[in-house]
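Only one chain is given next, in structure tokens, and it is the form predicted alone.
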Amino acid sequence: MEERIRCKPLRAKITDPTTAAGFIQNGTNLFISGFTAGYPKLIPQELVRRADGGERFKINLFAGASTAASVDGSLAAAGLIQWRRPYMSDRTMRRMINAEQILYKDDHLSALSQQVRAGNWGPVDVTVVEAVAISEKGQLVPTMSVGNTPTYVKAADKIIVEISTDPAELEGIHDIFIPEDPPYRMPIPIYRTADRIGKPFIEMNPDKVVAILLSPETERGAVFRDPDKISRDIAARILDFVEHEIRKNRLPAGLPWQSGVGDVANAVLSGFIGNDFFLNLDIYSEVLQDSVLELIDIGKVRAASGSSLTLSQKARSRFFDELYRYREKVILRPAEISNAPEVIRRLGVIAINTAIEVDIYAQVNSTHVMGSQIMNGIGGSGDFMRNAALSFVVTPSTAKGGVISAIVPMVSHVDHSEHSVGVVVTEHGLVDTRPLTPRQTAEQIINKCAHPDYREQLREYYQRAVRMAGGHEPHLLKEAFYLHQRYLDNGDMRVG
């Protein structure tokens, strides 16, 4: 353990979960590491144990983004969460947020750390962070994510560290840089994906550490399905379009790629594997998945920058076995750097993000079902879509086994307006909205992206809206959600 906790005075802080969790009481603002990976394991278990034993208390939980069912789900089910920010995707927590049993505020991920440093989220009473090591001077070496942890550690009154069994060789993969806050903020000096601008550890005041836990818990790997035909078709359309734009000199070659989380995202990156046009890829994203390792393995990636590595169990094992090789290509940064609008725009990122539904004018709903029931947070999609050199929005053309069209007359909730959307893609087709008027966009999305079973309904709505309402973006507001109503009439409004 001396190799993991190299700061000798801190070894006296090693304790058990019960003692450590004693610093967390009713009303505590609890800030934890975790950005789809790298979340604490022992403290959440201990808090649930206390609740199961009859103790009644509530905490306000702030993470980097989503965690896992063992954190968000377990704490929510135990009735322990008063407030939760920012992004979440847990089924139990989702249900309780929609029932107003948990207070929730969704946020753009790039803006969080600055808000915390400004005190806008209240005092950082306790920060719990997972790490692989503590240096001689008390600096933290994170595990598989960075997220907002550097700011949470900096602002914390008390710090609890869970030392993970993940390989200590992760040291060196992180690039920790906290920008100045306004006014007079200096530029973030990233000009290429591979640029390292910070330190390989998180600065920490050892005097704030109140407990250190030796955690035997390992992270469960993510579960990714093999790309289905729909995902492969969407991926092929994106790659064909970008290649075409480059060949026509409308898009520079060599721009970095960002891809959101999920099966379509993995399919897009996997599509590079057998593609001879795209070589020497740069990936500037927030979450790196299995397909990134596959591309590194075949020599197609120059650099892959993100805020976390969310890998399947098989990919985690491969990554740890060959860390010496992957560490040359992979960089993990704070979310305010991986998602920085300034950097995204400077690098000219090509962004790919998913939607729940897209309307005929290319407005996007990525968070809510039927406009009211939250499915997940907005995450970093807004950071990338609004600032990308080219922004793709992807979705299968139907949902719930074909019962509802994902292309609708008007989205029931707007996360991304038409002004942030470049290209809309489904398995049936692709529409580049950039050179089109709203009416031209509507006609093409209906004809190319909508499922054939729904095109006539959408066409009929649009044509009546043109005749009866007119205007720049014709709508019949009382009728705009008739496809959503059909969904309700089928009695399938379950969320989660």
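All figures in this text were calculated on a predicted structure; none of them were measured in a lab. Numbering starts at 1 and runs along the sequence shown.
Here the subject shifts to the form predicted in complex with another copy of the chain, a form of this protein not shown in this document.
- Shown alone here, T92 lies farther than 4.5 Å from another copy of the chain in the predicted bound form, counting heavy atoms only.
- With a 4.5 Å cutoff on heavy atoms, R50 does not count as touching another copy of the chain in the predicted bound form; it lies far away.
- Using a 4.5 Å cutoff between non-hydrogen atoms, Y184 counts as a contact of another copy of the chain in the predicted bound form.
- Shown alone here, A469 lies within 4.5 Å of another copy of the chain in the predicted bound form, counting heavy atoms only.
- This chain appears without its partner; in the predicted bound form, the one residue of N98, S215, S135, T354 with a heavy atom within 4.5 Å of another copy of the chain is N98.
- When another copy of the chain is considered in the predicted bound form, only one residue from T398, S74, Q373, S312 comes within 4.5 Å through any heavy atom, namely Q373.
- With another copy of the chain omitted here, the record of contacts in the predicted bound form names 345 to 353 of 345 to 353, 207 to 215, 139 to 147, 289 to 297, defined by a heavy atom within 4.5 Å.
- Contact annotation for 226 to 254: residues with any non-hydrogen atom within 4.5 angstroms of another copy of the chain in the predicted bound form are N249, R250, P252, A253, G254, listed in sequence order.
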